[in-house]
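Listed next as C-alpha cells: two forms of one protein chain, kept apart as structure 1 and structure 2.
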Structure 1
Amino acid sequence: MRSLLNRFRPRKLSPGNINGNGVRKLDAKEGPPKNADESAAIVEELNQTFDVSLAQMKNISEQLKKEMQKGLNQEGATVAMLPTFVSGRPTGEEKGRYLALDLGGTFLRVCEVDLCGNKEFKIQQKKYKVPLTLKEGDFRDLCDFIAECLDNFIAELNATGSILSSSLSSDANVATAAGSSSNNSTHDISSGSSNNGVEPSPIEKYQLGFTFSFPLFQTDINRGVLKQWTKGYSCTNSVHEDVVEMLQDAFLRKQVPVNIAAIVNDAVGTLMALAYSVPETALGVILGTGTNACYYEKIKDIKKWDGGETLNDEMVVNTEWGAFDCERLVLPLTVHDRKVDRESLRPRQQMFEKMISGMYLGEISRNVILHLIDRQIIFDGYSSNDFNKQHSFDTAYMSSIELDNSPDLQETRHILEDVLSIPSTSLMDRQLVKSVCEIVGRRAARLSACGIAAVLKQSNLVTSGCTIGIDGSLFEHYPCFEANMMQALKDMFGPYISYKVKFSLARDGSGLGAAIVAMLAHKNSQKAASSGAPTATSSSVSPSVAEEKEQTQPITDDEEKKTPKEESNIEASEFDDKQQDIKITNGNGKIPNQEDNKEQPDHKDKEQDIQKE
C-alpha cells in the first residue's frame, strides 16, 4: 500500500523548468504573446529546444563514426555500411547508351542516358508518380508498374527514333566493380573492353542500371536482398527477397526486353554521377525525402567483406546513416520527435532520417505548432481538421514560409488559412510559425553536417578536402539548408573547411550514376563472356532472364537507320496516362548543377517537389 502511495507522491523537482531535452526552458508564458518581448521569449524557448550545440555535434559525429566502424566490421550493425560492389572511379571518358530506372521516395524516373565521354552526357527522362496503393501493396504489382512505365518510355523513344540506337563502342577506361560473393571471381571493368567492329547483340542495347533507394544487402553488382523498406514504402512480399530478380521477372512477364545490369543506391548513383564530371568527388549524399551517404572505403578496412578479391583496393560503401542512433544515445530528441516517431510507419527505426529528411520535417513542425496552439499561444487556440491530419504540413510549406519575406507574411497566411483552413492568423502567429520552420530546418541541416563530418573523418578527407555530390530537394530547394550545413561544418572544423570541402548539387544524378555503373557491369560481363569465364553477374542471371535474352527481337536495320543520333536529346511529349503525369526533362552535358540548368517549377510544382523528393 505504501509503495502504491509513493508512486503518487509529488516528486521533488529540480529547480527551473526542464524540458524533455534536458534544456532549461525560458519562462515563455501560456496564452498569446502580448508584445514583441513575449513573442521573442517563445522563439528563444523553441531555439533552446531544437538547439544542437557544438559539443553535441562533436559527440554525434564521433558516435556515428564509431557506429560506422561497427558496420564495417560486422553484419547486422545499426549503421549497416553496405558494400556496393562498385569500386574504382569514373574518368568521364565512359561512352555508351544505357537505360536507368530510379525508384525514389515519390517518383519513378525512367531515363535514357547517353554517355558521350569528355565528361559529357545526355539524358532523356520521364517521371511517374508512384501511387500510394502500390507503395503499400504487393511488390510484384509495383514491379509490374515499373515494367509498364519502362515499356512506355521505350515505345515513346522508339517512336521518336531515339532509343539506344548508338553503337556500344566504348572507350571506357573506368571504374571497377568488385568481386562477387558467390564465386569469388572479380569484375574487371577498369580496362573497358571495346566492341570495335562487332555489331552488338540486341540485348546489349537494353542494359539498365536500377537505382533503388532503400537498404539493400547486395550479393553482386546486380543482385540484392531488401533489408527493409523506409520512407513511405511498405510493400509486401519483398523484404529478404532479391528485388532485381523480381523486377527482372516483371520485365519478362511484360515482355520488356531489358536486362538489369546493375542495382545502385541513390547515394551511390549521385556519387558516380558527379564523379563523372568532377573527379575529386569523394562522397555522395542524399538530402531529400530520405537521407543517406556513401563514400569510398579501403577494402582492407571493410572487415566483414567476404566477396573475394577485387582489382581495386577501395569500394563504395553505402552507409545507410538514416538508421543511426535508433538506440537514442546521442541524438537530441525532443518530445515532438518522439511523437512523430511513435506515430510513424516504423517506430524506433531511421531515427537520424526522421530528424533530417523532407519526409518528416513538416510533421515535426506541425507537432510543434499544434503544441503552441494547445498552449493558446497562436491561432487563438484553434487548429483545423486539415491541420490536425498527420503529414498535412508538407516540408514544402516550410520552405515557402521561410522564403516569405513580405511585410505581412502573405504567403504564410495563404498556406495556413487557405490551404490548411486555420480560421484566422495574426501577423504574430505567422511570425511564430515562420520561426518554427527556420528552427526545425536549421537543426536538420546541423545534424546533416554531423553525418558529413563523420564520413569525412572516416575517410581522412578533412585536411585534404573533397567535393561532395549532393542530391535531394532539401539541399536543392530548402532555404539556407546548404548555408546552415556549411556553418555547422565550420563550427566543428574551423573556417578553413569551406575552402577544402565543396558541396555540389548533382540534380537527379542517380539516373546518370546508375547508367555509369550499368555500363561498367555490362562491360565486365561482356569481357568475361568473351574470355569464356563465368562471372557472378552472368552466371547468377536467373533462368527467366536467360529466356528473355532468347526472346529479344533485334532492332531491324530499317529501324536503326530511322534513328538519327542527333535526335537523342529531343523533347518527348507527355504520356496521356494519368499515372504518368510528369514531363520529360532533358539533361545535356555537364551535371546540371548550375542555375541555368535548373528547372524552374512553378510554385505548386515546387511545393510538391520539396515535400516528396
Structure 2
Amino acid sequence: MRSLLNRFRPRKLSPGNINGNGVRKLDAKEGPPKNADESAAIVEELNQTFDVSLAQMKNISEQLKKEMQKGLNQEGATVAMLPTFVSGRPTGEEKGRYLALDLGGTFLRVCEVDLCGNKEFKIQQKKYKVPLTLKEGDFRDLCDFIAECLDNFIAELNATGSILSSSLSSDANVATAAGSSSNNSTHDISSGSSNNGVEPSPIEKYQLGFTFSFPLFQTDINRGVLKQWTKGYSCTNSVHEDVVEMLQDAFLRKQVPVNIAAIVNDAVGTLMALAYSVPETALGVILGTGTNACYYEKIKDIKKWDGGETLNDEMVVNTEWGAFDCERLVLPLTVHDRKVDRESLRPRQQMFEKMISGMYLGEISRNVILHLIDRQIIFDGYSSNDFNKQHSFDTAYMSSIELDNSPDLQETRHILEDVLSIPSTSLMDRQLVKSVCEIVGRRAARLSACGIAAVLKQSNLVTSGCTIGIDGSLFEHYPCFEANMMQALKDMFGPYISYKVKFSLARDGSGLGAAIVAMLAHKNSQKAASSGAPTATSSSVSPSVAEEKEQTQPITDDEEKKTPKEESNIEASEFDDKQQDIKITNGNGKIPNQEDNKEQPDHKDKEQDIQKE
C-alpha cells in the first residue's frame, strides 16, 4: 500500500528528474515558469509529447497501405476502400450544362454548372437554409423541400437567363464562382412547380450530381443506402433506405424535370473539381471539419469488386481513411487524444480523423491547455466556465492565435479573456498557448502527410508524380499546414518529392465536382446504351442492398435524434468547409476584392477572417 501511495505522491525536482534528452520533467505540482528557460522546457516537453518522428511516419504510412489493400480485398475492413462507380477522367474539353445539389449541415446549395470546354466553366448557385424541423422530421418531407428548392432555382434560371457567372482560364487552381443571390436566409419555395404539370421526356431532363456527405453504402453510381445520420440530422424513415430513390420520387411528385445521374462523396467531388482544369490530378483529399481521400485504382486490383464489367479499367475508390487505426496499433495517441476520443459520440471510431481534422484539433488543444492550468503553469491555475465546456476552443481560434504576431499577442489575449472569459493572462501564458496551437497543428499536418504517402505508394505515383486536389478550410486557412505536410513528405521520400507531387486547392467539389461526375455518369450511360455493353448495376454489387441492411447495426430512435456537441458546435465554426460562401474568381484564378459573406462562428465576438499564411 505504501508503494502505491508513493507512486502518486508529488515529487520534488532534482538533478535526477531529467529525461534522456536533457529536458527537465515537470512535476504535477509545479507552478508557472519563472523565466524564459523554464518556459522553453515546458514547450520542449509538449514537443516531445506530440512529436511524430520519421520512423513513426514511415510505420504509419506502411500500416495504412496494408489496411488499404485489405479494404480492396474484402468487405468489412477498417479502411473501407469503397468503390464509387465513378470511372473515366475528365479532359477539360467536355461541354454541357449540369446541376448539382449539396446537402450540408446547415444549408442546401443548388448549382448550375456550365462546362465550356478548354478547361473553362461557369457556375451559378443559390443557398437555402434547412429548417431544424426538417432535419429531425420524416425524410420524405426533407426530400420534398429539396425538390421545391431545386424547382425554384430552375424557375429563376429560366426567368432571368442567368444569376451570375464567371469563367476561368486553364491555369486557374481555384475554380469556383458564386451567384449574387447566395445568402444565408431561407428562400420562399412555396410557389410550386414551374413546368405547368407537364412531365418532360427523359431527354429534356437536367442531369444532376448529388453531394451527400453522410455514411452511405453505395450500390451504383446513382444508388446509395444511408447507414446513419451525422451533422445534426436525425430524419426518420431513412436509415437503411436508398436516399437517391427517395429523392427521385420527390422530384416525380413535384414534377421537377431532373434526373439524379450520380451521388457523390465530397472527396470524389474534390478530385473531379480540379481534374477538369488540371487533368493530371490523381488524388482528392478533404482536410477540413473532417477528413477523407480518394484516388484512381485499377479495377483488377479491387479484388472485392463484383459489380460487372465497366467501360474503363480504373475506378475512383473512396478510402474512408478517417477510420484508420481504430485498433490503436500505430497512431501516436497521447492522454489528451484518448480523453477526446473517450468523450466523443463514437469512442474508438474515426481515430485518424480525431487526430487531424478541424472538428477535433481545437478540443485536443483545449485539453492540453486545461492540463497546464491544472498544473498551475498558466493563468494562475484558473480556468472559466466557458473554457471548461467541451469544444469551446474552436480550431478557428487556434488559427487566429498562430497568426498573432503582435508584440504582446493581443489577439490571443482577446480570445482567451474576452471570448472565453479566462480571468487574466500574462504574456508568458499567451506564448505557451500559442506554442500548444502550433504543436498540435504541426502534428496534424504530419499525420495528414502519412495518409497521402500511403495513397501515393498504393497508386505507384511516388516516382511518376501527380497533382493532389485538396479541399477544406484546414488546408486552405490554417497557418503553415500545407508547408508542414510537404516537409513531412520530404522527410519520408527525400527533397525530390516536392518536384513530383503538387498540392492544389480544389474548392467547390460539392458543386463543380458533383456536376462533373454527373456529366461522366451520363456520358458513360449513353455509351453503354449505344454499344449495348453491360454496365455495373446495383443488382450485381456484392453485398446486396438487402444484405447490407442485415449487416448494418440498427440505430435506435434515441441515437438518431442525438445531436453531438462536437457536430453542433463545429457547424458554427469558420472551419466548417461545407458552409463557406464561394468567392467569385476571375480569369487568372485570383479573387477580386469584395466583401466575404461567410457564416460567422457562434462566439461572443465576431472573430477576424482567417487568411492563409
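Counting starts at 1 with the first residue of structure 1 and goes up one by one along its sequence. All figures in this text were calculated on a predicted structure; none of them were measured in a lab. Under this definition, the rigid core comprises the largest set of C-alpha atoms superposing within 1.5 Å between the forms.
Visitor: Two copies of the same chain, shown separately. Which of them is the form predicted alone?
Guide: The chain shown as structure 2 is the form predicted alone.
Visitor: Using a rigid core alignment, state whether the CA of residue 475 is displaced by 2 Å or more between structures 1 and 2.
Guide: No, residue 475 moves less than 2 Å.
Visitor: Cα of residue 329 displaced 2 Å or more between structures 1 and 2, core superposed?
Guide: Stays below the 2 Å threshold, so no.
Visitor: Does residue 232 move appreciably between structures 1 and 2, meaning a CA displacement of 2 Å or more on the superposed rigid core?
Guide: Yes; that C-alpha moves by at least 2 Å between structures 1 and 2.
Visitor: Given the rigid core as reference frame, how large is the C-alpha shift of residue 252 between structures 1 and 2? Answer in angstrom.
Guide: On core superposition, this C-alpha lies 5.4 Å from its counterpart.
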